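Single chain ahead, by itself, as structure tokens, in the form predicted on its own.
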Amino acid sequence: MSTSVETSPLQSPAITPDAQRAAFARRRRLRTGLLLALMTLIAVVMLYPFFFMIETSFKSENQFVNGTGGFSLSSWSQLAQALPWAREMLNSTIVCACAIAIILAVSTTAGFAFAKLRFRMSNYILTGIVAAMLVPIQSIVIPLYVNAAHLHLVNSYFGAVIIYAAIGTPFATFLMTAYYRSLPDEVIEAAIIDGAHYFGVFRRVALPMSIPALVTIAVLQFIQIWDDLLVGLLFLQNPSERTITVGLGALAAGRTTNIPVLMAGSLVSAIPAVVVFLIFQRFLTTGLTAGVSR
């Protein structure tokens, strides 16, 4: 006598492990495809301005205005007469180097003090420095310019360097404080027990260990200062001292603007920032996340 087992209509058949793996693989391929499509779209949106800049710089003014095809080097030959780009890039380099040196000197010492030294109201002072990051430069540019004019800091490298250093120091100090707090206190205490004073601990122990954070600050501040227009336009109005971005702004402010020449100058201006980012990009993630991951 044979017996049969009836299956309830509400009971679903069991899913085999192979079917589960196949379904998981399909979902993973779908997510990967969607992510790839999204990243491709973002890359196209971000890279199209560079493509337009490069393509336009290799056209003559007539080709650009009339929309005809072909390439020409006339815009590059006219660039040196329309824009003293070599001198202006040197000015930008001087301003960036001096401002970054001041930012690193102040932020490293202040960050070490806030992270490893104990003094009264240190948390409130650090909170005030962090709060300074929230103040937009556009809201204080008028009193800033008036005070700089009274101190004879307008139209000079020194004035622009001081302004850029004051703008970049709060973020750099916050980043260095977070980084130094991630350093083990035992390392600092061991160095002090060995006879080193606090400045010696900072110079011989803490500073060499903070190279990723220093590179991160230098790269971010270089890109920000190099691409800035507002401060340079206000404090470096002398044609012999203006930066490359101010020169491009003056070139674009004329009654008639040669767009291919302007694109050629913009491409020359963008190359240093892009090169610095590509060289030091591996330090950026390490420096920005070191205070969290350690």
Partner chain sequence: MTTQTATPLGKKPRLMNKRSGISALERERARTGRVMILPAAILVIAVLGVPIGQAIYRSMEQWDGLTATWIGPSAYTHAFSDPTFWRVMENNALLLLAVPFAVLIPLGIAFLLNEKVPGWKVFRSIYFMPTAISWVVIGMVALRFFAQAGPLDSIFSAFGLGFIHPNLLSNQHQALLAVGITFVWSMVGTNTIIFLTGIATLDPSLSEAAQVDGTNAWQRLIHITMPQLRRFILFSSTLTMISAFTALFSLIFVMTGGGPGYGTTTLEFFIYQNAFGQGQFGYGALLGIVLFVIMAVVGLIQLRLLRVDD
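Positions refer to the first chain, counted from 1. Everything quoted here is computed from the prediction, not taken from an experiment.
Keep in mind the form predicted in complex with the partner chain is missing from the figure; the text below concerns it.
Asker: Do heavy atoms from each of Ser139, Leu234 and Ala252 fall within 4.5 Å of the partner chain in the predicted complex?
Answerer: Yes, the whole candidate spot contacts the partner chain.
Asker: Using a 4.5 Å heavy atom cut-off, which residue among Ala113, Cys96, Leu79, Leu175 comes into contact with the partner chain in the predicted complex?
Answerer: By the 4.5 Å heavy-atom cutoff, the listed residue in contact is Ala113.
Asker: According to a 4.5 angstroms non-hydrogen atom cut-off, is Thr40 in contact with the partner chain in the predicted complex?
Answerer: Thr40: yes, in contact with the partner chain in the predicted complex.
Asker: Taking 4.5 angstroms as the cut-off for heavy atoms, does His197 touch the partner chain in the predicted complex?
Answerer: Contact with the partner chain, yes.
Asker: State yes or no: in the predicted complex, is some non-hydrogen atom of Arg27 no more than 4.5 angstroms from a non-hydrogen atom of the partner chain?
Answerer: No, Arg27 stays farther than 4.5 Å from the partner chain in the predicted complex.
Asker: May I ask you to check whether Phe71 falls inside a 4.5 Å heavy atom distance of the partner chain in the predicted complex?
Answerer: Because no heavy atom of Phe71 falls inside 4.5 Å of the partner chain in the predicted complex, the answer is no.
Asker: Within 212-248, which residues come within 4.5 Å of the partner chain in the predicted complex, counting heavy atoms only?
Answerer: Heavy-atom contacts within 4.5 Å come from Ile223, Asp227, Leu229, Leu230, Leu233, Leu234, Thr245, Leu248.
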